[in-house]
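What follows is one chain in structure tokens, specifically the form predicted on its own.
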Amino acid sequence: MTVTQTTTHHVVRVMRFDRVQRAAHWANAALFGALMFTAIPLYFGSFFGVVLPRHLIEQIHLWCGLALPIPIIVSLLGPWGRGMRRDVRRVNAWTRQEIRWLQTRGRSPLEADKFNPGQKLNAIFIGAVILIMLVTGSMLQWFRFFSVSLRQGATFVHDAFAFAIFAVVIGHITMAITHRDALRSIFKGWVSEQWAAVHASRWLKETRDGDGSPDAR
């Protein structure tokens, strides 16, 4: 347990994300940012040449897309990936209370896990969209290997999910900015025990049961 003395009270820090998880998040965020930035002129051709030449934009988009799964894969491998693997299991484990919370749009009681149902859905969406965009993008890049109908389908799916990604990422950033404690955890790794007791009470109880105290940084 790590306790930080402040002028008015003690703050107990509870480790939420380790260094590997934080590095994977920011590498993934940088790649998504580059893909979104380069997607705009690719979709709206009038933007070509405003910032970068067309060929360079296409190459950045291509290689960032191919690299997109790498931070997640690396963060799941080896002994350094224990924290990420645990979180993947958490994201895929749903209770009836969490499903009910979603059905009632957050109005039903919830003893939240490390991630609330909305955060779990966001993580599942990001994982699925990485695979979908990689497959459809590859089909569009190496189109000669696919029929016209498959290329048309890939174009529709790629464009539709691109718009969905913009909406989800903007929503994610908005939520992060308005929840400063949660945002701090992706920079520094920890949240306060007080925050965890309100927003992730089930996870906090599990953490205490694991070693008698919250995770130490």
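Heads up: residue numbers just count along the shown sequence, starting at 1. Predicted, not measured: the structure shown is a model, and the values here were computed from it.
Just so it is clear, the following notes concern the form predicted in complex with ligand HEM, a form of the same protein that is not shown.
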Selected contact from Ala182, Val168, Ala27, Ala162, since only one has a non-hydrogen atom within 4.5 angstroms of ligand HEM in the predicted complex: Ala162
Selected contact from Asn92, Gln141, Ser108, Thr95, since only one has a non-hydrogen atom within 4.5 angstroms of ligand HEM in the predicted complex: Gln141
Triplet Met36, Ala39 and Gly137 all within 4.5 Å of ligand HEM in the predicted complex via a heavy atom: yes
Tyr43 within 4.5 Å of ligand HEM in the predicted complex, heavy atoms: yes
Touches ligand HEM in the predicted complex: Thr174 (any heavy atom, 4.5 Å): no
Any non-hydrogen atom of Arg151 within 4.5 angstroms of ligand HEM in the predicted complex: no
Val191: touches ligand HEM in the predicted complex, heavy atom cutoff 4.5 angstroms: no
Answer range among 70-78, 83-91, 126-134, 97-105 for contact with ligand HEM, defined in the predicted complex as heavy atoms within 4.5 Å: 126-134
Residues within 4.5 Å of ligand HEM in the predicted complex, restricted to 71-106 and counted by heavy atom: none
